[in-house]
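Just the one chain here, the form predicted alone, laid out as structure tokens.
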Amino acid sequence: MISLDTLPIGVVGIISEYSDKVVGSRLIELGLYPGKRIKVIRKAPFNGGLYVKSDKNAFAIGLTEAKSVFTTTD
């Protein structure tokens, strides 16, 4: 299990859990709930945010939030 910020660009991960319940509840409201496939499209330089895609939706997530999302890969 790795955090979303360490998931390589282009690799599909499956959200398994959140270490921060507040961040988790916000992401669940956006449709990013455990069991959902997610792919990192782009990472901003200098510890910036991540641009991710799940299904047909794209989101920008801050680095702190990405560190609290844990994923598994197939």
Partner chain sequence: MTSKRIKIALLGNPNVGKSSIFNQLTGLRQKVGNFPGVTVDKKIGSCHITNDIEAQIIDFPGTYSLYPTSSDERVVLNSFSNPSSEDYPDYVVYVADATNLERHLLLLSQVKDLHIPVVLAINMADLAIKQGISIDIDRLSEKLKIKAIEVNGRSGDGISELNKSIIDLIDGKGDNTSHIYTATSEEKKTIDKIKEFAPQKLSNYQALLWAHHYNELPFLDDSQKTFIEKITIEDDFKNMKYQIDETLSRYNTLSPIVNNSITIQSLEGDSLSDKIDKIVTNKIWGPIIFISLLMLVFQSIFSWASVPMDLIDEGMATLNEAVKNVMPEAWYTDLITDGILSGLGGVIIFVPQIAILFFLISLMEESGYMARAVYMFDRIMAKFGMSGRSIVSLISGGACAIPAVMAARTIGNWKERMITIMVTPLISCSARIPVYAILVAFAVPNTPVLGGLLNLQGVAFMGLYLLGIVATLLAGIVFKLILKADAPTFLAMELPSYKMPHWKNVGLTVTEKVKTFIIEAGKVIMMVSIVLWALASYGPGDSIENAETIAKQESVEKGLTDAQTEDYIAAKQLEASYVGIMGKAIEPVFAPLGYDWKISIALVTSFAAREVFVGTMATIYSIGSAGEDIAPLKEKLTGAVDPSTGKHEFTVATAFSLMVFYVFAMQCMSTLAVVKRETKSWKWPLIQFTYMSLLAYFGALFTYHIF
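If you're wondering where the values come from, they're calculated on a predicted model, not measured in any experiment. Positions refer to the first chain, counted from 1. In this text, rigid core is short for the largest set of C-alphas that superpose within 1.5 Å between two forms.
The form predicted together with the partner chain exists for this protein as well; it is not shown, and the discussion that follows is about that form.
Under a 4.5 angstroms non-hydrogen atom cutoff, the partner chain in the predicted complex has Leu50 among its neighbouring residues. Contact check for Arg42: a heavy atom falls within 4.5 Å of the partner chain in the predicted complex. By the criterion of a heavy atom within 4.5 Å, Arg26 is counted among the residues contacting the partner chain in the predicted complex. Though the partner is left out of this view, Val11 does not reach within 4.5 Å of the partner chain in the predicted complex, counting heavy atoms only. Residues from 50-74 that approach the partner chain in the predicted complex with a non-hydrogen atom closer than or equal to 4.5 Å are Leu50, Tyr51, Lys53, Lys56, Asn57, Ala58, Phe59, Ala60, Ile61, Gly62, Leu63, Thr64, Glu65, in the order they occur in the chain. With the core superposed, Pro45 shows a C-alpha displacement of at least 2 Å between this form and the one not shown.
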